[in-house]
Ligand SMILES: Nc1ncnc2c1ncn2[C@@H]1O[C@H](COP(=O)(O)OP(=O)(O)O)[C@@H](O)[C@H]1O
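Listed next as structure tokens is one chain, alone, in the form predicted alone.
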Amino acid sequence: MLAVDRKRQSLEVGGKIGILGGGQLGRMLALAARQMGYRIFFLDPSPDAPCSSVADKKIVANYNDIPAVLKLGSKCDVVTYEFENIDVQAVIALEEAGYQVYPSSNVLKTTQHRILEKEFVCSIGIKTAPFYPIYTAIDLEKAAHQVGFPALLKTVYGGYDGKGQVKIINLEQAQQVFHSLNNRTLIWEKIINFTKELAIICVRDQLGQTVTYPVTENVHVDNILDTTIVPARISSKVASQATEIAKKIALHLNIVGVFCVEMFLLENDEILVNEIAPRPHNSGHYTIDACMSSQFEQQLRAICGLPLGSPKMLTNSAVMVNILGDHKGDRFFGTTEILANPNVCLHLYGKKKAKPKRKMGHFTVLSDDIKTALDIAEETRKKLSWLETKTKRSK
């Protein structure tokens, strides 16, 4: 039987929470923490990270700056991280110094490494797309024979939103990609013909109790999440299967905190696990407006030793749409028009530069039915834009 913490250690109101990372996820976690009476300290390489405007203290440093990370730990009662692309040695250093960190370094080590993640999922009897670890050039030929084409060659660390991966259709191309990446360790994954991309947000507390949210249906554009539809348009049998997969992962990963499982649904209703994200996830942003307890509140409840909240939806359906930057400017237009609809909730992340495909915010549509929500989402999308700020001429 897997070990869990023997007792819940609750963090009192006014306690200090540390976050490794100060992007939009850190910002939304900090806002939830403020509402619950906690203080927020964070570490991020960027001096103007989105979390800056809502945190009590910040440390500007790289994630592999162990002295700076330990300084963060010394100021806080508990530490978490907003995304998995941080140095696992930083989390290990915090743990060895006696600081509480959730999720643990073991969770991070597994989920931030694509090969270890896939091997873990398969080891507990859950299916993934066929894959093959690439350590040397010889492995490319083995992967081509055992997995085949078309496939994706992915870096094992650091990839997100389509970064760090290349589609390959023959062995020669695979060899070129491998050498262009300086013979780094890669993973060869078979490209799957799926009918839907699904995701589920799950949270597990220090006592091993688990709560799951409804299964979501995700639509990606250029490998970046565009739209999340809740609940997913799937059968109850598939929804139940996806939920059980998340609970099984929670148990065997021995995680404390919120995590997301991304999945592929095949034509025969079989589910393949794609990735595990050990933190609040983009596809769970709808929970801020559509659920009794948001994924960010749940993260705080879990890491602070509090009872988990209810994942119950307050509306029949919801659609979340990401707002991405483009090349047209850094000033957002459309706020008044968007908020004229009382069923639309707008969230902007406070980033100064609206770089192309950068996540600048999101909006969520609440409705009694999915079709209406999708229609409103498309109309809302047309009302937003990024433009250059016009400067006044000096007299």
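Quantities reported herein were computed from a predicted structural model and do not represent experimental measurements. The numbering used is simple: start at 1 and walk along the sequence shown.
Note that the form predicted together with the named molecule isn't included here; everything after this is about it.
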Report task. Decide whether Y135 counts as a contact residue for the named molecule in the predicted complex under a heavy atom distance cut-off of 4.5 Å. Result -> no
Query - Touches the named molecule in the predicted complex: L152 (any heavy atom, 4.5 Å) - result: yes
Requested in this report: Please check if G159 has a heavy atom lying within 4.5 Å of any heavy atom of the named molecule in the predicted complex.
Outcome: yes
Query raised in the report: Contact between H220 and the named molecule in the predicted complex at 4.5 Å, heavy atoms?
Result: yes
Report task. Sort through I192, L116, M292, C122 and report the residue having a heavy atom within 4.5 Å of the named molecule in the predicted complex. Result -> I192
**Report entry** Residue among Q206, T111, S104, Q165 with a heavy atom within 4.5 Å of the named molecule in the predicted complex
**Finding:** Q165
Report task. Can you check 193-201, 309-317, 250-258, 94-102 and let me know which stretch has heavy atoms within 4.5 Å of the named molecule in the predicted complex? Result -> 193-201
Query - Residues within stretch 243-280 having a non-hydrogen atom within 4.5 Å of the named molecule in the predicted complex - result: E262, F264, N274, E275
